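This document starts with one chain, in the form predicted alone, laid out as structure tokens.
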Amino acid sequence: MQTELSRKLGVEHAVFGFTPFPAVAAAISRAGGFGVLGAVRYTAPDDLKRDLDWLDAHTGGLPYGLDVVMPAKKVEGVTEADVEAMIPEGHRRFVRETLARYGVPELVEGEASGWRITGWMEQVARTQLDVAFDHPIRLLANALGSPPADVVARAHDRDVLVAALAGSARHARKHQEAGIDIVVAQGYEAGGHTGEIATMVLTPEVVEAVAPLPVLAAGGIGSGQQVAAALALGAQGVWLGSVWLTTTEADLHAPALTRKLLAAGSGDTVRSRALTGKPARQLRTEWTDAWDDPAGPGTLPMPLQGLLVAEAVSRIQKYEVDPLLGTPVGQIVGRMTSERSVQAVVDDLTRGFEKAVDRINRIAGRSGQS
């Protein structure tokens, strides 16, 4: 599964694996893919440094990347406290009442929320970059579009490629104009923040729109046959996130969540603003239903919603409150039916890819003889 892009980065397979878990990212790189560590949950630079140091020690010199979340436009002087003050009391009351209805215990006094997304704030993301550029990352990806121009220049000065996610050809062209090196065409089926266009439609549109920039296909890809389809559509690789959630190296801290993922079908996800304020595909739960109910207060825009629900999500996960327990995940969850190692997942991808290529070659051979 090699392409021009994978050869440029020195990886065996054109499989780019996004994950919040350092052990998974390292295992993806060791298995011949390209591991990408998500930075959004790191609020302390020392914590990110610790995990990047760990990655350096456990990848054997193989390449890996970092995914950040930062706006393209600079916003000066806005603190987390300023944003917190914008959250209406009615929304805070709705959170308290929902948690009370399901008997969700409080965190232990003095225990900080383990799921406080502040990485979207520019000053946080920039401190992450200060740490990251002291490590041998080969790729910097941004989930909120093109990073600010000075960040792109800083990455290029260090020979680091820059990738940005796009949900439409129009977005992809903006990335190209901003000097981005790789566009990730993320379809409607994907976990996390997505647009409205399905991967099968989006990928060739983006490939055509930004040629000759390399494009990675994302969303609804969890088998080697689907990898082959993505490459046939013009992509130079695939960007996978959901499939790693049920690997043995993942650390969800909630066995009940793993069980829910393994039992879920492809129709058990929903695009909801409940998590961050932007449409994000995730397991459908009574928590997402509560926020999507017209009788409720409705979600707040990003980043207010993420800050509002951070402690609640931590409590739900810590105490594994099953009706409310969920996570961002794509429609490919229906294929995630057993816990496997990262290596086993990559092996399955390569075998399926080879079978798909052989099948097409046989069809093409017969067509050529007719």
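From 1 onward, residues are counted along the sequence shown. From a predicted model like this one, the values you see are computed outputs, not experimental measurements.
A second form of this protein, the form predicted together with a small molecule, is not displayed here; the remarks below concern that form.
When contacts are defined as a non-hydrogen atom within 4.5 Å, all of 241, 327 and 330 contact the small molecule in the model of the complex. Listed stretches are 94-102, 149-157, 214-222, 287-295; the contact stretch with the small molecule in the model of the complex is 214-222, by a heavy atom cutoff of 4.5 Å.
Under a 4.5 angstroms non-hydrogen atom cutoff, the small molecule in the model of the complex has residue 186 among its neighbouring residues. Taking non-hydrogen atoms only, residue 143 approaches the small molecule to within 4.5 angstroms in the model of the complex. Taking the partner from the other structure, the small molecule in the model of the complex has a heavy atom within 4.5 Å of a heavy atom of residue 245.
Using a 4.5 Å cutoff between non-hydrogen atoms, residue 165 counts as a contact of the small molecule in the model of the complex.
With the partner removed from view, the residue among 307, 40, 321, 62 that has a non-hydrogen atom within 4.5 Å of the small molecule in the model of the complex turns out to be 40.
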